[in-house]
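Shown here is one chain on its own, the form predicted on its own, set out as structure tokens.
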Amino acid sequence: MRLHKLRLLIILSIAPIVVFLVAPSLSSASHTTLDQQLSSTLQAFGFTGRIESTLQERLGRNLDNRKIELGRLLWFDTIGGLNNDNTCGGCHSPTNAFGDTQSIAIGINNNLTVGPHRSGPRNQRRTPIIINAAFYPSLMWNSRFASLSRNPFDNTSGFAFPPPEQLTLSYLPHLLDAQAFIPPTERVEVAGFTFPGDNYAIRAEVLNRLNAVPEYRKLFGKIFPDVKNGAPINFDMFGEVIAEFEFSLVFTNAPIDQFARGQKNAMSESQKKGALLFFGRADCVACHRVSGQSNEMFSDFSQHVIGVPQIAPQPGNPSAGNVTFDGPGQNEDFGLEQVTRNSNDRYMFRTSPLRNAAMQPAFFHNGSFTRIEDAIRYHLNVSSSVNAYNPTSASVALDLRGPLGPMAPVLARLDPLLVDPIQLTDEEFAELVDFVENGLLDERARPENLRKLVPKSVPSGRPVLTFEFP
């Protein structure tokens, strides 16, 4: 009897140790399976997590810090905007990963503030994030700036722009070099409506301003020998330094990238499960692609009708006036049709790249959702979400809460990929949100890390806009 009791005590005393040893083993096996599933999935989709390391190789050179610094100063200087009140940074703000602070952009006639309290007449769409644009084969919500080769590093097929430029900028080495020619000419963004003349006249006036500032001539002269020897600054030079600054804003070291490179603990279990949903049953990757010409940017860079609620500044509202919206009620946005003039392209917009989307204050081309979880949930059942949409509960700005534009014609063109609802449990939905919000976020894109890029002063001597950092 005593021997039996002794054996029982020994068994009971070691049992917790056995449980303790077995439990981690089972958990470890579960993690290993999850890691293997995600690794296999990423490999199948051609995702490497190494896209950032290819930048200078594809440019064929190293980045030039002198050009980056000069481009940064110009980015924040109103000298490039003939209305004297806006810059690239006014809409592409470091407070929001070099994207918009608004649901729908505010360009000229603003209050010289960049952030939640920015005010003035609105344009037509939300300004997209410019971070990582070096890898985008097309730019703008209707892809009106595009590399015809579908490779922004390749100009052999030409860079397409609307008239009057069309293919005339195709001699430039990269799509961003060419794109830099356009913003200074945009009347509603920076140029205003008082200066007479076409795009070429506007650019000539911007150059007159730059060449009249000795400090800018000195800075350009350090980079371009012709300027040092007395030649004027030209727009090729302007575009080159602006593009160089944008090349320096490549931030693709998110947890998903680190995981793909072998750092299995870079992602939480929730993010890994969310990623498997993203690439699997939720089928987000059908449009938010990572392989081939998408350059791991989580976009196919193609146009789709996804049924976004049509919000617009109300006619007669002080915030309206820069752009006349489409449709009989002036409360629609025809999207790609504005470029192609083909009615079959109505309501089509480019798939938004998702990297660093957590830094956006609003989502979709018109910012009709202000919470990332609401934007994701909308995709899962578009028809139902349209019927339930309320701009007030979506927390869009007061001036955008008027009557919605008609949705029946939008839903009639809905992309087949979004017709059938996708069912997720609450836990699965939370995992998907966690992946998009945190698994795709490069910490360098946070505002506290970009704050230092705003200069205290600029060579023109003009005041720098006020940035409302969180």
Ligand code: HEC
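Note that residue numbering begins at 1 and tracks the sequence as displayed. Because the structure is a prediction, the values reported are computed rather than measured.
Not pictured, yet referred to below: the form predicted in complex with this ligand.
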Taking this ligand in the predicted complex, would 52, 203 and 237 all count as contacting it (heavy atom within 4.5 Å)?
no
Partner-contacting position among 107, 255, 94, 152 - heavy atom within 4.5 Å of this ligand in the predicted complex:
107
The one option of 217, 273, 72, 304 with any heavy atom within 4.5 Å of this ligand in the predicted complex is 304
Exactly one listed stretch (208 to 216, 194 to 202, 125 to 133, 386 to 394) reaches within 4.5 angstroms of this ligand in the predicted complex by non-hydrogen atoms, and it is 125 to 133
Is the gap between residue 351 and this ligand in the predicted complex 4.5 Å or less for some heavy atom pair?
yes
Looking at the partner-bound form in the predicted complex, is residue 288 within 4.5 Å of this ligand by any heavy atom?
yes
Residue 259 within 4.5 Å of this ligand in the predicted complex, heavy atoms
no
Might residue 363 be said to contact this ligand in the predicted complex, defining contact as any heavy atom within 4.5 Å?
yes
At 4.5 Å, heavy atom to heavy atom, what parts of 273 to 296 sit next to this ligand in the predicted complex? List them in sequence order, or say none.
278, 282, 283, 284, 287, 288
